[in-house]
Structures are given as C-alpha cells and as structure tokens.
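Only one chain is given next, in structure tokens, and it is the form predicted alone.
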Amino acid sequence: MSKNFDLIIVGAGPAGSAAAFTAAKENISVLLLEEHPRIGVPVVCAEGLSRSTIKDYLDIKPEWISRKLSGSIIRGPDGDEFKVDFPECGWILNRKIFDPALANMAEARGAVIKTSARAINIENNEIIVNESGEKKKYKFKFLIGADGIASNVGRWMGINTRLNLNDIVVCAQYLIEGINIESHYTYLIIGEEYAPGGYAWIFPKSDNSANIGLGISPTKTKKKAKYFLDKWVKKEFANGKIVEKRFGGVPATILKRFSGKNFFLVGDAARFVNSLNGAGIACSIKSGIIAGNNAVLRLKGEKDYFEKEIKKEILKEIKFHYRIRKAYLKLTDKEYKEIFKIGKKVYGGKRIGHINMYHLVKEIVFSSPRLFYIGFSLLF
C-alpha cells in the first residue's frame, strides 16, 4: 500500500467519515485514521439528531435509527411539564451502527481506513501514527482534523485549541433499561437541582430504555456532573438497570481560526457544536461534507469556499446559540421558572412544524425587565 495520500483525515466519527466519503468520490486518494479498534465505540453522545439540521446533507436510513421522535416533553425547576408535538422532528440514532456505516460509505468509494491508528505527531507533511503498537509515517498533500474536542491536529497546525472552564460543558450519561418513559418523546429538563448552567435529558432508545444524562457548566458548581446524574437517577430511575456509562465534554466556544494553507478542522475539533444544547452530529456531518468538497478544490489548485460555506451553513446559528448560552449562564432558578412559563404558553400542548428560536428568544426577553436586561444583546 502506498504511504502517500492526497488527503489524510484524522478521526472516523461522523465529521471525518463525511469528509472521507465526499472527497473519495472525486478520485482523490484518501486515508482515514481512527484511534479506536472499532469505529463508533465508545459512544460519547446522546445520539439525538433533528431532521431540519441535516435534511439537505444526508439521507438517514432506517437501520441507523434507534427511535423516531414525535416531539418533546419539557420539565421546569418545579417539576411541572408540558408536551410539544413535533411530528417527524428527528431521531435517536444508534451510533454503533451509524458511525461504521458512514465509514463504510467512504471505503466503498475508495478511501483507505485504518483503525487502532492513533496520530501522534506531524512533521513536514507527514503524519506519524501509532498503528497497533507500530510507528508508521504517511505523507499528505492536505489534512483534515476530525479528532474531537482535544484536537491534537489543530494544536500541531498552530491553532490554540485550549479550553477554559467557561468553554466547556461537562457531561455524564447512563444508558438505562427497564424504565417507564414516553418512548417517542425526548425529555428536556432545566433547573439548578438537575444541571447547573446546563440541562438534563432523557433520549429514548426503545420502549423501556433511554440515554439519561446531563451537562453542567463547571463555572456554576464545584460538584461533578456524575454527582448530579447519580442523584437524579436514584430519585427517578432506581428500578432501572444501568448498562452503559458515558462521560465527556462538549466545547462551548468558537475558534478564531479553523483552517490553514493545507488543512481544515471539522466537527468538535473546530468547535462546530451548538453550545446551548450540545448538539453536534449535524454540524459534524455538514462540516465534514463541506471540508471534503473544498479539500478536493484545494488539491486541484482551484479556489475553495470552505470558510464562506462554514460561516453560512454552520457559524451563523452557532454564534447565536453561543450568545444565548452566555445569557443562560447568568440565570437562576427564578428566571428558569419564568422561561418555562413562557415556553409553556408558546408551545405547550401544541402541534408544531418547526421551532423559531429567534421568536422564542424575543418572547422571553420582553417578558420581564430582568430577562430584557440579560437578553437585549441577543437580539440587537
């Protein structure tokens, strides 16, 4: 096998595989590196994906889905709930099937995939890889970093990828079986008791199992995410069986730079994540496809549109949600209760076709002097 490739992609999550299958179809030699023995394992994700965010980029196949969703149940700090019917809003994926399927699409188009292959350095357009305990080198003309929140690729290419406490949401999640839930609805829960500076979730995987987790801001509490999750699970799901435990972090900041002369960053590595709700699968796939297309243009010596497309398709929404999160971190349960009441008034018991975040923020901001003061900058 050749040690030279037009394009090398580090990380075979949705972003990396999307970049690989997009570039490989253009007769570009592609190497996709994955540090784990199995693609899609371990799962460090709640696995939710909304239809609206991905519809123009990827057709979701039935075999990739654990659960089709019909809406959400929202719970406030006092335990009060309201239901929003949102038919065909999205899915809970099975990432253990979904991720390998995307990688298989890349391989079918000619990409070379190597697992148990951890990138350990870059020197002179060569990536050094620990491949099942053996050190190997592969030359590249162009590089895509899809190596997650830590992103060594970004650091090696001169980008400051460090995260401060305010730049991360710390998450804990259990897959729990044998519980009673409305299995076609996600549950979204706010309140300092559940998740200071974040929110808690129940994402159904079957009739009686779900990903149950939460994300917190380490600037709002000194206690760990696991403490809050264990407390909640003991209270509400004591009879369930925990079959998997997952811990990780979600980036909640925006990089000033995510590309260079011979590289792009995508997905979590580029901080293409909705910092308000932690959603990242759609942004990963979209950024991967955009990167794959534009890497081909670069390799052919043509003008690319990577940053322009990223700004239009991803950054505009991410920046808006980033501003909302900054305001959200200033709130207390008193304001959470006000927001819950407004959400219930706007959406409770209704059947909707979409959620207009700008409209909802306006409703919230103009509902009280305190929220107006905090949220004014979000709108103007």
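Keep in mind that this is a model prediction, so the values were computed, not measured. Numbering starts at 1 and follows the sequence shown.
Absent from the display: the form predicted together with a small molecule. The rest refers to it.
Among the candidates Tyr194, Phe86, Phe203, Phe263, the residue which, in the predicted bound form, approaches the small molecule to within 4.5 Å (heavy atoms): Looking at Tyr194, Phe86, Phe203, Phe263 one by one, just Phe203 meets the 4.5 Å heavy-atom criterion.
Among the candidates Ile159, Ile176, Val250, Ile122, the residue which, in the predicted bound form, approaches the small molecule to within 4.5 Å (heavy atoms): Of the candidates Ile159, Ile176, Val250, Ile122, Val250 is the one lying within 4.5 Å of the small molecule in the predicted bound form.
Which of 334-342, 62-70, 307-315, 27-35 lines the interface with the small molecule in the predicted bound form (heavy atom within 4.5 Å): That would be stretch 27-35.
Residue contact check: Gly278 to the small molecule in the predicted bound form, 4.5 Å heavy atom: Flag for Gly278 set to yes.
Close approach of Gly148 to the small molecule in the predicted bound form, 4.5 Å, heavy atom: Flag for Gly148 set to yes.
Exercise: Arg155 in contact with the small molecule in the predicted bound form, heavy atom 4.5 Å: Flag for Arg155 set to no.
The small molecule contact at Val346 in the predicted bound form, heavy atom, 4.5 Å: Heavy-atom contact with the small molecule at 4.5 Å: absent for Val346.
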